[in-house]
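Before any questions on how it binds or moves, here is one chain, the form predicted on its own, in structure tokens.
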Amino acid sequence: MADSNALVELRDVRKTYQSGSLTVEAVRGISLKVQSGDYVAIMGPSGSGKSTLMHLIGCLDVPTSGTLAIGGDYVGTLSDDELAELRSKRIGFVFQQFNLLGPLSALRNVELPLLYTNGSRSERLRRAEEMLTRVGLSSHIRHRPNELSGGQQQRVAIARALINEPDLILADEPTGNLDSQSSQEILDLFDEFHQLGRSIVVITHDLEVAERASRVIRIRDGMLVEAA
């Protein structure tokens, strides 16, 4: 039975990929829990399995063996449609590359996750504008991504990730493409949302980013080597 108090729970999770005749075990028996309100950094060198672990926690992939539960729901028992719904409602993604749609304004980019809800267009735009204001971009809502700095684009991405009020913010190297000042601003924003009760998991190789978290988990060769 899954721990109903844990937001994310992995038990002896393994992920194996087949490439021709080669079998690659990217994640090798990881067990961990992320509680509601946690701020966790997952660290590891290139090839350590941290990106695979992020895809598993984000329900972008499913374990080869072991169990993964999000909010008490076992991922392995869900259909593709149910997984998509879980991702859209419970997880907000922030990526290193921002993944914004170039032809659309900041406002429209943030509105996108709301298109599948029952609200009116005016309500969607109101919520998107409110979220952009919360991340300090009230004067940039009509700007397209190429009219924004890297730090501003990442703020748009964070606003988009938060618009559906997910249980978990999952960030993959969120400052990797930013200068030092923009990186600090984004980390300050994560601190602010964590203090408001958001749960955050950051995948990073940057110690400065990890030090902002309440807990650091280190992996190497697909296995946990340290969980503070």
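Don't overthink the numbering: it's just position in the shown sequence, from 1. What you are looking at is a predicted structure, and each value in this text was computed from that prediction instead of being measured.
The same protein also has a form predicted in complex with adenosine-5'-diphosphate (ADP), omitted here; what follows describes it.
Chemist: Scan G29, G176, G37, P45 and let me know which has any heavy atom within 4.5 Å of adenosine-5'-diphosphate (ADP) in the predicted complex.
Modeler: Among G29, G176, G37, P45, a heavy atom within 4.5 Å of adenosine-5'-diphosphate (ADP) in the predicted complex occurs only for P45.
Chemist: Quick check for you: of 45-53, 188-196, 163-171, 29-37, which stretch puts a non-hydrogen atom within 4.5 Å of adenosine-5'-diphosphate (ADP) in the predicted complex?
Modeler: In short, 45-53.
Chemist: In the predicted complex, does V216 come within 4.5 Å of adenosine-5'-diphosphate (ADP), counting heavy atoms only?
Modeler: Taking the distances in the predicted complex, the answer for V216 is no, it never comes within 4.5 Å of adenosine-5'-diphosphate (ADP).
Chemist: Counting only non-hydrogen atoms and a 4.5 Å cut-off, give the residues of 19-34 close to adenosine-5'-diphosphate (ADP) in the predicted complex.
Modeler: Residues within 4.5 Å: S19, V24, A26.
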